[in-house]
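Here you get one chain, nothing else, as C-alpha coordinates; it is the form predicted on its own.
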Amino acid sequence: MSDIPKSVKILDIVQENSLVKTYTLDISLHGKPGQFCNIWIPRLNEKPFSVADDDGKVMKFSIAEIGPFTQELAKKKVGDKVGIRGPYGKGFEYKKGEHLVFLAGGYGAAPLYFLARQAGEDGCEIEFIVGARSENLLLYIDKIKKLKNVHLHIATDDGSKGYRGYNIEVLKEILLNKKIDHIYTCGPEIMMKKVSEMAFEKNIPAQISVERYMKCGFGICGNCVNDGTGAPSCKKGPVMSNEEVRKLKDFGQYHRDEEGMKVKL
(Lines give C-alpha, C1' and ligand atoms only; values in the text may rest on other atoms or scores of the structure.)
Protein backbone atom coordinates (compact mmCIF):
# COMPACT_ATOMS: atom_id res chain seq x y z
CA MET A 1 0.00 0.00 0.00
CA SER A 2 1.22 3.49 -0.82
CA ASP A 3 0.08 6.55 1.19
CA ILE A 4 2.04 8.91 -1.04
CA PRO A 5 0.65 9.45 -4.56
CA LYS A 6 2.62 7.79 -7.32
CA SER A 7 2.65 9.38 -10.76
CA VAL A 8 1.47 6.82 -13.33
CA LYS A 9 0.68 6.82 -17.03
CA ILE A 10 -2.76 6.22 -18.49
CA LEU A 11 -2.34 3.24 -20.83
CA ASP A 12 -5.88 3.02 -22.22
CA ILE A 13 -9.27 4.75 -22.05
CA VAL A 14 -12.49 2.97 -23.01
CA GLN A 15 -15.92 4.62 -23.24
CA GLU A 16 -18.15 2.04 -21.51
CA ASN A 17 -21.48 3.85 -21.79
CA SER A 18 -22.80 7.40 -22.08
CA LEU A 19 -21.36 8.39 -18.68
CA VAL A 20 -18.57 5.97 -17.77
CA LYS A 21 -15.01 5.61 -19.02
CA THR A 22 -12.56 2.91 -17.92
CA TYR A 23 -9.01 4.11 -17.33
CA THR A 24 -6.17 1.57 -17.39
CA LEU A 25 -3.19 2.74 -15.33
CA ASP A 26 0.38 1.53 -15.65
CA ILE A 27 0.66 0.17 -12.11
CA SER A 28 -0.51 -2.63 -9.83
CA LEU A 29 -1.10 -1.93 -6.16
CA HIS A 30 -2.56 -5.43 -5.69
CA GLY A 31 -6.02 -4.07 -5.06
CA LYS A 32 -8.87 -6.41 -4.18
CA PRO A 33 -12.54 -6.25 -5.24
CA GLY A 34 -14.35 -3.72 -3.07
CA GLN A 35 -11.24 -1.72 -2.16
CA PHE A 36 -10.62 1.81 -3.42
CA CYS A 37 -7.72 4.06 -4.38
CA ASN A 38 -7.41 7.83 -4.33
CA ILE A 39 -6.69 9.30 -7.76
CA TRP A 40 -5.00 12.70 -7.80
CA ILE A 41 -4.96 15.42 -10.41
CA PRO A 42 -2.22 17.92 -9.44
CA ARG A 43 -3.40 21.46 -8.59
CA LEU A 44 -7.02 20.26 -8.52
CA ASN A 45 -7.92 17.57 -5.99
CA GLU A 46 -7.99 13.84 -5.36
CA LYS A 47 -10.99 11.54 -5.14
CA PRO A 48 -11.61 7.91 -4.07
CA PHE A 49 -12.64 5.36 -6.72
CA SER A 50 -13.38 1.63 -6.51
CA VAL A 51 -10.88 -0.71 -8.11
CA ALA A 52 -12.47 -2.17 -11.24
CA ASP A 53 -9.61 -4.60 -11.87
CA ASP A 54 -6.03 -5.33 -10.83
CA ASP A 55 -4.29 -8.23 -12.55
CA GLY A 56 -0.89 -7.72 -10.94
CA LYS A 57 0.36 -5.63 -13.87
CA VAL A 58 -2.17 -2.85 -14.44
CA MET A 59 -5.16 -1.37 -12.62
CA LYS A 60 -8.51 -0.29 -14.04
CA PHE A 61 -11.00 2.26 -12.76
CA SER A 62 -14.46 2.79 -14.29
CA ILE A 63 -15.44 6.37 -13.55
CA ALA A 64 -18.60 8.33 -14.31
CA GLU A 65 -18.27 11.93 -15.47
CA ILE A 66 -20.52 13.60 -12.89
CA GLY A 67 -18.61 16.47 -11.26
CA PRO A 68 -15.71 18.95 -11.62
CA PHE A 69 -13.01 16.37 -10.79
CA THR A 70 -14.30 13.65 -13.11
CA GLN A 71 -14.94 16.22 -15.86
CA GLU A 72 -11.29 17.20 -15.68
CA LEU A 73 -10.25 13.54 -15.61
CA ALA A 74 -12.35 12.94 -18.73
CA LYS A 75 -10.13 15.42 -20.61
CA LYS A 76 -7.09 13.20 -20.03
CA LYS A 77 -5.69 11.23 -22.96
CA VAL A 78 -3.67 8.03 -23.28
CA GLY A 79 -0.11 8.85 -22.24
CA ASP A 80 -1.13 11.52 -19.71
CA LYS A 81 -0.34 10.97 -16.04
CA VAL A 82 -2.33 11.01 -12.80
CA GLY A 83 -1.39 10.35 -9.20
CA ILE A 84 -2.63 7.31 -7.30
CA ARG A 85 -2.36 6.03 -3.74
CA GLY A 86 -3.84 3.07 -1.92
CA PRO A 87 -5.47 0.60 -2.00
CA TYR A 88 -7.58 1.26 1.06
CA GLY A 89 -10.41 -0.37 2.96
CA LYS A 90 -11.92 -3.83 3.29
CA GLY A 91 -12.95 -5.69 0.17
CA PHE A 92 -15.47 -8.43 -0.55
CA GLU A 93 -14.84 -11.97 0.69
CA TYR A 94 -16.28 -15.31 -0.43
CA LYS A 95 -15.85 -19.04 0.04
CA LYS A 96 -15.04 -21.33 -2.85
CA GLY A 97 -17.95 -23.22 -4.37
CA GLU A 98 -20.76 -21.09 -2.94
CA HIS A 99 -23.87 -20.00 -4.84
CA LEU A 100 -23.76 -16.20 -4.82
CA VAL A 101 -25.96 -13.40 -6.05
CA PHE A 102 -24.57 -9.98 -7.01
CA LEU A 103 -26.80 -6.92 -7.26
CA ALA A 104 -25.22 -3.99 -9.08
CA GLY A 105 -26.76 -0.60 -9.67
CA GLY A 106 -25.16 1.92 -12.01
CA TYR A 107 -21.36 1.85 -11.91
CA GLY A 108 -21.47 -0.60 -8.98
CA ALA A 109 -21.15 -3.24 -11.71
CA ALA A 110 -17.41 -2.55 -12.02
CA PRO A 111 -16.15 -3.75 -8.60
CA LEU A 112 -18.65 -6.62 -8.64
CA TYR A 113 -17.34 -7.68 -12.06
CA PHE A 114 -13.84 -7.81 -10.54
CA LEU A 115 -15.22 -10.02 -7.73
CA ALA A 116 -17.18 -12.24 -10.13
CA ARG A 117 -14.10 -12.87 -12.25
CA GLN A 118 -12.24 -14.20 -9.23
CA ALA A 119 -15.14 -16.06 -7.57
CA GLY A 120 -16.17 -17.72 -10.83
CA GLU A 121 -12.66 -19.06 -11.30
CA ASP A 122 -12.85 -20.44 -7.74
CA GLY A 123 -15.89 -22.55 -8.54
CA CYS A 124 -18.63 -20.24 -7.27
CA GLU A 125 -21.92 -20.11 -9.17
CA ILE A 126 -23.00 -16.49 -9.56
CA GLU A 127 -26.33 -14.83 -10.35
CA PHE A 128 -25.20 -11.36 -11.50
CA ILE A 129 -27.98 -8.75 -11.63
CA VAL A 130 -27.17 -5.47 -13.36
CA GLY A 131 -29.63 -2.60 -13.24
CA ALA A 132 -29.81 0.89 -14.73
CA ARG A 133 -32.38 3.50 -15.68
CA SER A 134 -32.08 2.58 -19.36
CA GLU A 135 -30.06 0.41 -21.75
CA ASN A 136 -27.55 3.14 -22.59
CA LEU A 137 -26.52 3.32 -18.92
CA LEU A 138 -25.89 -0.41 -18.42
CA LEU A 139 -22.27 -1.17 -17.54
CA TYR A 140 -20.00 -4.17 -18.28
CA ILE A 141 -22.72 -6.31 -19.83
CA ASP A 142 -20.49 -7.82 -22.52
CA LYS A 143 -17.67 -8.44 -20.04
CA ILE A 144 -19.96 -10.19 -17.56
CA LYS A 145 -21.33 -12.49 -20.27
CA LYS A 146 -17.84 -13.88 -20.83
CA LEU A 147 -17.18 -14.80 -17.19
CA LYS A 148 -16.99 -18.37 -15.99
CA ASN A 149 -19.91 -19.73 -13.92
CA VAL A 150 -21.83 -16.45 -14.16
CA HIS A 151 -25.52 -16.06 -15.09
CA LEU A 152 -26.38 -12.51 -16.16
CA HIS A 153 -29.72 -10.86 -15.32
CA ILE A 154 -30.53 -7.39 -16.66
CA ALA A 155 -33.12 -4.91 -15.42
CA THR A 156 -33.88 -1.42 -16.71
CA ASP A 157 -36.39 1.02 -15.27
CA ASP A 158 -37.81 1.81 -18.70
CA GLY A 159 -37.72 -1.76 -20.03
CA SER A 160 -35.32 -0.90 -22.86
CA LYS A 161 -33.26 -4.00 -21.97
CA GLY A 162 -34.10 -7.09 -19.93
CA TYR A 163 -36.63 -6.99 -17.11
CA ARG A 164 -38.79 -3.86 -16.99
CA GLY A 165 -38.50 -2.54 -13.46
CA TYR A 166 -36.05 -2.37 -10.59
CA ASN A 167 -33.20 -4.84 -10.20
CA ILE A 168 -34.28 -5.46 -6.60
CA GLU A 169 -37.38 -7.17 -8.01
CA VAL A 170 -35.15 -9.57 -9.95
CA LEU A 171 -33.26 -10.32 -6.73
CA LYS A 172 -36.53 -11.10 -4.96
CA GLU A 173 -37.48 -13.59 -7.69
CA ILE A 174 -34.09 -15.31 -7.56
CA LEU A 175 -34.26 -15.68 -3.78
CA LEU A 176 -37.69 -17.29 -4.13
CA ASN A 177 -36.47 -19.90 -6.61
CA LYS A 178 -32.82 -20.60 -5.79
CA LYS A 179 -30.82 -21.45 -2.70
CA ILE A 180 -28.35 -18.60 -2.27
CA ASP A 181 -25.44 -18.70 0.16
CA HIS A 182 -24.46 -15.03 0.10
CA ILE A 183 -25.61 -11.68 -1.34
CA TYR A 184 -23.26 -8.92 -2.51
CA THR A 185 -24.30 -5.43 -3.53
CA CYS A 186 -22.79 -2.18 -4.75
CA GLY A 187 -24.62 0.85 -6.10
CA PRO A 188 -27.14 3.50 -4.98
CA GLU A 189 -27.69 3.41 -1.24
CA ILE A 190 -31.49 3.36 -1.44
CA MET A 191 -31.17 0.16 -3.49
CA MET A 192 -28.68 -1.37 -1.06
CA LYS A 193 -30.92 -0.49 1.90
CA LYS A 194 -33.61 -2.70 0.33
CA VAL A 195 -31.04 -5.48 -0.16
CA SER A 196 -30.10 -5.21 3.52
CA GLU A 197 -33.74 -5.54 4.59
CA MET A 198 -34.40 -8.44 2.22
CA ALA A 199 -31.26 -10.31 3.30
CA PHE A 200 -32.23 -9.87 6.96
CA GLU A 201 -35.77 -11.15 6.34
CA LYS A 202 -34.47 -14.17 4.42
CA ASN A 203 -31.65 -14.80 6.93
CA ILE A 204 -29.05 -14.76 4.13
CA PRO A 205 -25.59 -13.23 4.79
CA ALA A 206 -24.90 -10.09 2.78
CA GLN A 207 -21.91 -7.87 2.10
CA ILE A 208 -22.63 -4.24 1.27
CA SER A 209 -20.36 -1.51 -0.08
CA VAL A 210 -20.95 1.55 2.12
CA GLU A 211 -19.37 4.51 0.34
CA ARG A 212 -18.81 7.78 2.15
CA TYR A 213 -16.71 10.87 1.36
CA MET A 214 -13.38 9.20 2.06
CA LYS A 215 -10.58 11.77 2.11
CA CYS A 216 -7.47 10.38 3.81
CA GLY A 217 -8.12 6.66 3.32
CA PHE A 218 -6.63 5.54 6.63
CA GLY A 219 -9.02 6.70 9.36
CA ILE A 220 -7.43 9.98 10.44
CA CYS A 221 -9.61 12.76 9.01
CA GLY A 222 -12.93 11.39 10.30
CA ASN A 223 -14.86 12.57 7.26
CA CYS A 224 -16.24 9.13 6.37
CA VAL A 225 -17.34 8.15 9.90
CA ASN A 226 -20.78 6.52 9.95
CA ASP A 227 -23.41 7.70 12.40
CA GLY A 228 -24.49 5.00 14.82
CA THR A 229 -21.20 3.15 15.22
CA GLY A 230 -18.55 5.77 14.54
CA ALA A 231 -16.96 3.34 12.08
CA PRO A 232 -14.95 5.03 9.30
CA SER A 233 -15.84 3.55 5.92
CA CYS A 234 -12.23 3.79 4.78
CA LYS A 235 -11.12 1.35 7.51
CA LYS A 236 -14.16 -0.68 8.62
CA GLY A 237 -15.51 -0.67 5.05
CA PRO A 238 -16.29 0.18 2.37
CA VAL A 239 -17.49 -3.45 2.37
CA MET A 240 -19.38 -4.30 5.54
CA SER A 241 -21.47 -7.26 6.64
CA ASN A 242 -25.20 -6.73 6.85
CA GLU A 243 -24.94 -7.12 10.63
CA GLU A 244 -22.63 -4.09 10.70
CA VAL A 245 -24.71 -2.10 8.23
CA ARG A 246 -27.91 -2.54 10.23
CA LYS A 247 -26.26 -0.69 13.13
CA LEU A 248 -25.66 2.43 11.02
CA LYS A 249 -28.17 5.24 11.60
CA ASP A 250 -27.26 7.08 8.41
CA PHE A 251 -27.42 4.14 6.00
CA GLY A 252 -30.20 4.60 3.48
CA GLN A 253 -31.13 7.94 5.07
CA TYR A 254 -28.34 10.45 4.40
CA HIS A 255 -24.62 10.87 3.91
CA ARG A 256 -22.24 13.73 4.66
CA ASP A 257 -20.62 16.03 2.12
CA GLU A 258 -17.04 17.29 1.90
CA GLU A 259 -17.66 19.61 4.86
CA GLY A 260 -19.45 17.01 6.97
CA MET A 261 -22.96 18.39 6.41
CA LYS A 262 -25.86 15.96 6.13
CA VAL A 263 -27.22 15.33 2.63
CA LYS A 264 -30.50 13.40 2.42
CA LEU A 265 -30.60 10.53 -0.05
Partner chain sequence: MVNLNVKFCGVDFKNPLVLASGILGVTGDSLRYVVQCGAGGVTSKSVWLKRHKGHPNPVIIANEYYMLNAVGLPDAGIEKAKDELGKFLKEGSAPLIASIVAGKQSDFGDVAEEVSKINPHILEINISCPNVDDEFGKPFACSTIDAAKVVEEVKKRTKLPISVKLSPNVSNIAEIAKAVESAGADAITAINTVGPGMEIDIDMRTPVLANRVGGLSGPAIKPLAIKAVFDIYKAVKIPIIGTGGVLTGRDAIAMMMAGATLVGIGTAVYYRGAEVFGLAVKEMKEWCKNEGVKNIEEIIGAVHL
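Numbering follows the first chain given and starts at 1. No experiment lies behind these values; they were computed from the predicted model shown.
One more form of this protein, predicted together with its partner chain, exists but is not displayed; see below.
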All of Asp157, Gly162 and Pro188 with a heavy atom within 4.5 Å of its partner chain in the model of the complex: no
Its partner chain contact at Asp227 in the model of the complex, heavy atom, 4.5 Å: yes
In the model of the complex, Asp53 touching its partner chain (heavy atom, 4.5 Å): no
Heavy atom of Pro205 within 4.5 Å of its partner chain in the model of the complex: no
Distance check, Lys264 to its partner chain in the model of the complex, heavy atom within 4.5 Å: no
Candidate stretches 118 to 126, 133 to 141, 177 to 185, 76 to 84, one within 4.5 Å of its partner chain in the model of the complex by heavy atom: 76 to 84
Residues of stretch 152 to 179 in contact with its partner chain in the model of the complex (4.5 Å, non-hydrogen atom): none
